[in-house]
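Just the one chain here, laid out as structure tokens, in the form predicted alone.
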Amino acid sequence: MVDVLRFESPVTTIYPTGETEDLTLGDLSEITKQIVRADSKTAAAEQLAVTFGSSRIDGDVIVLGQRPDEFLLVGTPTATASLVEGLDRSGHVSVIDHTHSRAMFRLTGSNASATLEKLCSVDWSEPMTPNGAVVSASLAKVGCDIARLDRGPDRSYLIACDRSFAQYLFDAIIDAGNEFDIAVVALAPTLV
């Protein structure tokens, strides 16, 4: 019998859940995260069909073009596994599971951009980071991959970082969002 590794969130501080709808932060660290490295000339890169700096939704998986020839797939375990299994891996293609090594948060609300502006120097305006944009940036001095994926009329950002910095970054985002009455919310481990 094989033991299944139980996921434990890197965010261990207990925060009271809030009632505000203006700005929320939730921990999505247990969502499946697969990194696919595929040369732009491979069939896998064509199948993933997203360019560097952009994203798209494929069923229950979000495909992020986080670096040239590197894609981050996030979603449910079944949907992510299905997408990975369907990739043509001929040529220079590799797949690495980063579910347990990367943390992921969702920051949503009318003041989400203003909160991020307090933590880094990226221009979060509509022309520079439209819905679907993916950027790599230092957020509170932590290297992060950030995707703008709005939820309805509200701006929403997925923020991924190395697991070892998760608690620090979560606290830094809360500190930056306190001015806007940020609330910590429990999120189901789904993205779409």
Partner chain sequence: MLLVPCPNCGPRNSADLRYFGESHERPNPASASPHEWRSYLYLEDNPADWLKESWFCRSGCRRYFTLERHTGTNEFRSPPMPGNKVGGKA
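Since the structure is predicted, the reported quantities are computational estimates derived from the model, not experimental observations. Numbering follows the first chain given and starts at 1.
Note that the form predicted in complex with its partner chain isn't included here; everything after this is about it.
Using a 4.5 angstroms threshold between heavy atoms, Ser136 counts as touching its partner chain in the model of the complex. Under a 4.5 angstroms non-hydrogen atom cutoff, its partner chain in the model of the complex has Val122 among its neighbouring residues. Although the partner is absent here, Pro68 sits close enough that one of its heavy atoms falls within 4.5 Å of its partner chain in the model of the complex. For its partner chain in the model of the complex, the listed stretch (163-171, 26-34, 42-50, 137-145) containing residues with heavy atoms inside 4.5 Å is 137-145.
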